[in-house]
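Okay, so here's just one chain, in structure tokens, the form predicted alone.
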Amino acid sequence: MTSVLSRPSERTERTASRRHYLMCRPEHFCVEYAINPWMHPGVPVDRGRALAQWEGLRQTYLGLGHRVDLLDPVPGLPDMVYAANGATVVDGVVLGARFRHRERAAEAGAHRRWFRAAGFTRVVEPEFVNEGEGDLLVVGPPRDTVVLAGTGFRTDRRAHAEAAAVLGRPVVSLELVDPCFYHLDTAIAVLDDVTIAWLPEAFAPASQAVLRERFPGALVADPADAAVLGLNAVSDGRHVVLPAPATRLAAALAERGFTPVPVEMSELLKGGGGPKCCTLEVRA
């Protein structure tokens, strides 16, 4: 599949579609261990501010007309706020997560229980490590989606074949090489069915070549914007919710006809997450 994208100088009229998201309140959020370069246990966390920023994100989605369901937070699991890592859902099929680090392992079961209670009939516990939509990004129209799959830091490459079998979609493997961009959703933002924004330096040369071939008109992010997790963004096809400091990326999105929606995520950035990390899309 080769994308037919507009060139960067061309402005395209974008269309939003209503989305269904799962989020988890950061009631127990703190940074008491370090499992990515963003986490520094000695740096204090303002949980009240984290809650306010998270609520601002939730209200942003509701204001855009999207549905938001909530996963109950569990004491002792401070990273549950990063709900995107707990599963990948395509056509109502739920591929659960298996976390690489023991500190997050119990989150996977909480996600599976939520989906089963919500009436999803196929909820699969994986054999290999995959960290949900952190490393499995769905792109394309509903009947022709492809899964972009990251590996290198968290998700086991063997999980890519498992994802293809469970979700029934082609999977494109991509190797991440910069530990600051430890999940695929920190280095790629899916903007619509055929458009991505990305940071080439986060990928091995072979993976860069794959992405350039598939998305020849992709928006290349400024490294300074990527450094504030600007690519950890959520798009409904028109509106792109992204961290407020990613100003150059916001301007580039507007030039392409998208509507950037900046949100403050500074407190949740201390755990290595932005809007996308906090947002799991439920594709029923």
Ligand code: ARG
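Heads up: residue numbers just count along the shown sequence, starting at 1. The structure displayed is predicted, hence computed values, not measured ones.
What follows is about the form predicted in complex with this ligand, which we do not show.
None of 178-186, 114-122, 139-147, 164-172 except one has non-hydrogen atoms within 4.5 angstroms of this ligand in the predicted complex; the exception is 178-186. Using a 4.5 Å cutoff between non-hydrogen atoms, residue 247 does not count as a contact of this ligand in the predicted complex. Heavy atoms of residue 154 reach within 4.5 Å of this ligand in the predicted complex, making it an interface residue. Contact annotation for residue 259: none of its heavy atoms lies within 4.5 Å of this ligand in the predicted complex. Using a 4.5 angstroms limit between non-hydrogen atoms, residue 104 touches this ligand in the predicted complex. A heavy atom within 4.5 Å of this ligand in the predicted complex is found for one listed residue only; from 219, 64, 51, 35, this is 35. Contact annotation for 254-273: residues with any non-hydrogen atom within 4.5 angstroms of this ligand in the predicted complex are 271, 272, 273, listed in sequence order.
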